[in-house]
Each structure stands twice: as structure tokens, then as C-alpha cells.
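Presented below, as C-alpha cells, is a lone chain in the form predicted alone.
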């Protein structure tokens, strides 16, 4: 089936290839039963690329990513590569993809499925019905700012330092993503920083406030300090709709929000660039969980986050909402039927392997597609 929609798959390390395999099966099913076709290419990234090529990301794979309409990414890293030089560590390949593709907006949804409300460490009444989105700035801030490094002071004291820095356009473009998402959801945005102690926080708040006044006065805007936001996420998370924040705070807060749902194995993410003249964005989709080397190869990994990342790809890169909804509803139905991988086991549920969970979700998609 001819198509001009190009996907690059980078399964990576650990459980990455296992959960990506389930998405491959889903893509094949959607081709056969929904007429949804993609040109799929596969490459190496992270430790797998280092083992094969001596680098965590080759120039060829970087070029393939730039040419793709979307990248599906598994996971990178593991103790096997702990002693690899910093520039070639598995994580360096992922950071390079984000930077060179200019994927500045990281979308991290935290959604609690009704069937998993009891799996959260918080009380069910606190998390039932939770549906929030964190927009994390991904290509600037303290993870990329200069100067950075270590040095020795005149008195012999050693110090380490990083620079948290943002330009006005860098704040504006990620805030626009937050405002636009809020308009499509519940029209409420929380902008999170530390304006009480950081000059950057003051600047961030000023830029977001000016943008709100100029372009998004219809959206309800709230400002919140990052530490208070962390507290509020575990106190009353349903007060939030969309949260937009910096690279560092987004890293921390999105992991906090992830655990409200009961398992990192349930959560997808999308990293988006600016739209081009045709409205198309470079994009990378990946599950929030890591490579989980302790269970790699044991058929224990939860494939749901990878499948939901695929659903996000359908929605944000290809405007295929009906197909994305099909995937998401099938997952909800299977979880509601009591099937669980090890990470989300509950009383009176059935523990299944990675591939059996994949089988069940594909069967449910078939029922919904009739």
C-alpha cells in the first residue's frame, strides 16, 4: 500500500525492543484492518548503536530521523554502558535527537484509567478521573546552558556548575504550545517557575504573562512556584489541566505526575518541534519508562505506554484521531477486563506477559472495529 508517511523506529535498549515489537504488531493490524499504512524504517540508538558502531547515534540514523515524519523511540541505557565516555553514553543519542530535531516541547500526559485508580499510591478519590498534561521545555535551560563544568577555585576548592538560561523566544514558543493545548482541553494553564528566588523565574513569568495578554486572553492562566506545584500534584492533582514549565522543573514534575497513575509503564510522551510551512512538525514519541534492564528479555514489560505513544503519534503527527481513539479505547477495555502486567498487578486481576497483553489489546481493537 503506497504511503508518504514515514516512521523511523528506534527500539533502543533494555525492554525497548520488546515493547516496540508490540507496536509493530499494532501497525500491521491497522494496515490490514484499517487501511492505515506507513513507510516504516528501523535503526539503532543508545547502547545498541554503541555496541554496533562505537557511537550512540550514527550520522546516518540522525539523517533518517530528520527525514521521517515521526520517530517512535523505545528506551536507552543500562549498567552495561556505565563506563562508556560521557559523550557516547546511550542517553547522549536521545539528547542529540531532541536537540538537532529541535524538539522543544515535551508533552507528558498523566491519565488515570478507571480500572487502575486503586493502583496509585494516592487515595482513589484523589486520582480517579485525573487527566492532566505537562508541557516541558526540552532543548534549552539548565541541561544545555553554558557555561557548565567543574573547576578549581584559587583556594583549591573544587566546584561544579550548570547555567539555567532561556531566551524570550524559547519561553514564548513552549508557552504557545501550552496555551494551544489548554484551548483544546479545559482552557486552563498553570505556568510553573521559581520567581521567588530565581531571576530566570521572574523573567519566565513576565514573558508568559505578556504572551497571555497579547494572544491568549481567553485562557485561564495561573502562576505557581515549582515546589508548590509538586506538593499540589500529590495533594489535589485534579486542579490542573495543562502545566507548562522549564526543562529541569518539567523533568521532576512529570515524573511526580507519572506516579499518580500507579506505574511509569502506563505513560506515553511526545516531543514536538515547530510547525513548518505545511503545518507539519518534527516529532518523537516515546514511553516515559526507562530501559528496565532488570526485566529485559523476560516478557514482563508493560507495552501500554509504547502503544499509547503510538496513539499520540497518530493524533499529533497525522491527525488520525479516530485511529488514536481506537487504540486508547481498546487499552481501557482490556484493563477494565482485569488483565495486568506485573507492574500494575492488583487483587483479583490476571497477570499476563508482554505479548499476551499485546494479543488482548489487538483482539479488543478487532471487536471495536466491527
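Source: prediction; values computed, not measured. Numbering follows the first chain given and starts at 1.
A second form of this protein, the form predicted in complex with a small molecule, is not displayed here; the remarks below concern that form.
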Is the small molecule close enough to 139, 141 and 272 in the predicted bound form that each of the three has a heavy atom within 4.5 Å of it?
no
Would you classify residue 343 as touching the small molecule in the predicted bound form, given a 4.5 Å non-hydrogen atom cut-off?
yes
Close approach of residue 91 to the small molecule in the predicted bound form, 4.5 Å, heavy atom:
yes
Would you classify residue 192 as touching the small molecule in the predicted bound form, given a 4.5 Å non-hydrogen atom cut-off?
no
Please determine whether residue 76 contacts the small molecule in the predicted bound form, using a 4.5 Å cut-off between heavy atoms.
yes
Would you point out which of 284 to 292, 240 to 248, 208 to 216, 121 to 129 contains residues with a non-hydrogen atom within 4.5 Å of the small molecule in the predicted bound form?
284 to 292
In the predicted bound form, the one of 202, 264, 84, 256 near the small molecule [non-hydrogen atom within 4.5 angstroms]
264
